[in-house]
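Listed next as structure tokens is one chain, alone, in the form predicted alone.
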């Protein structure tokens, strides 16, 4: 009895080690394929630098003094050794506001994506795995949301609930959940008929366990790619809503709001509009390049 038990435990340990090694091996293959895309590596490098600067900004930037405090004596000064990117119409250092705005935009963007993915997994996995009437009800409900343009829905929700970061996150998340729901549903439908899912059912695994432990991990490829691209779109949407006064509100800096404030001075002082504009373009382009690189790295055809 003891020998059989030890043998069973030993077999289980070996199976667990093989699964762990296989997972590491797959990650190594994906990373090796990703590294072949030089543009994707450049995008990853840019995003890592921006994230580091955004996270460490409070260590060398005083929010009250450097970001929101007005000093009319220093207004509209060009780039110099004291102010590397110049000052705005209120005498505030543009570089400090740019870095602090990166914190706001990235935090908001990643929060929106996290909520969108969680909501999409719940609805998409439920619809795809159960099918039938449940699938029809959820997907018809999703179709209603998809019939409304993404930006229009976000504007409507923010205008109704009021201008604040929580309302902005809620609006963009509700507008993003339907897209992730469709992606995850299609992945679940494609996987639930596989042999390893049938084996899990025969072993007595419940539906939620099968979805969370077996289906979702195998559907992460398209989710990760879409999430990376969605972050870029979300940051652009945040900037757009802030540009028209429905996003991040003063005195908190935001790239779109900085663009809006600089419109009046763009002819005489073009540096005011260049800095936030370049930041938006560089961030969105870098995230898009990363998404393209991940899509190719996770595609078995591209590996071959």
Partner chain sequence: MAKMIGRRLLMLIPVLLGVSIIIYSILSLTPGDAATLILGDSATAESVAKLREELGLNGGFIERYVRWLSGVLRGDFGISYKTRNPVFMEVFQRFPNTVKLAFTAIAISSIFGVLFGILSAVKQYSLIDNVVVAATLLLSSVPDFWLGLMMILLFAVKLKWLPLSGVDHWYNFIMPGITASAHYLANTIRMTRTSMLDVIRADYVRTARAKGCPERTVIFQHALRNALLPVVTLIGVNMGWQLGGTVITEQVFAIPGIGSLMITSIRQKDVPVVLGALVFIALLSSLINLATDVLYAYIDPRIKSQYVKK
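Note that the structure is predicted; figures quoted are calculated from it, not measured. Numbering follows the first chain given and starts at 1.
The discussion below concerns the form predicted together with its partner chain, not included here.
Across the options 81-89, 148-156, 98-106, 186-194, residues that bring heavy atoms within 4.5 Å of its partner chain in the model of the complex belong to 148-156. Across the proposed site, 246, 284 and 289 without exception bring a heavy atom within 4.5 Å of its partner chain in the model of the complex. For the chain shown alone, residue 161 is a contact residue for its partner chain in the model of the complex, at least one non-hydrogen atom being within 4.5 angstroms. Proximity of residue 270 to its partner chain in the model of the complex: non-hydrogen atoms within 4.5 Å are present. Put simply, residue 198 is far from its partner chain in the model of the complex: not one heavy atom of it is within 4.5 Å. Of the heavy atoms in residue 278, some are within 4.5 Å of its partner chain in the model of the complex. Residue-level contacts in the model of the complex: of 144, 73, 209, 203, one residue has a heavy atom within 4.5 Å of its partner chain, and it is 144. For the options 40, 67, 259, 47, the residue carrying a heavy atom within 4.5 angstroms of its partner chain in the model of the complex is 259.
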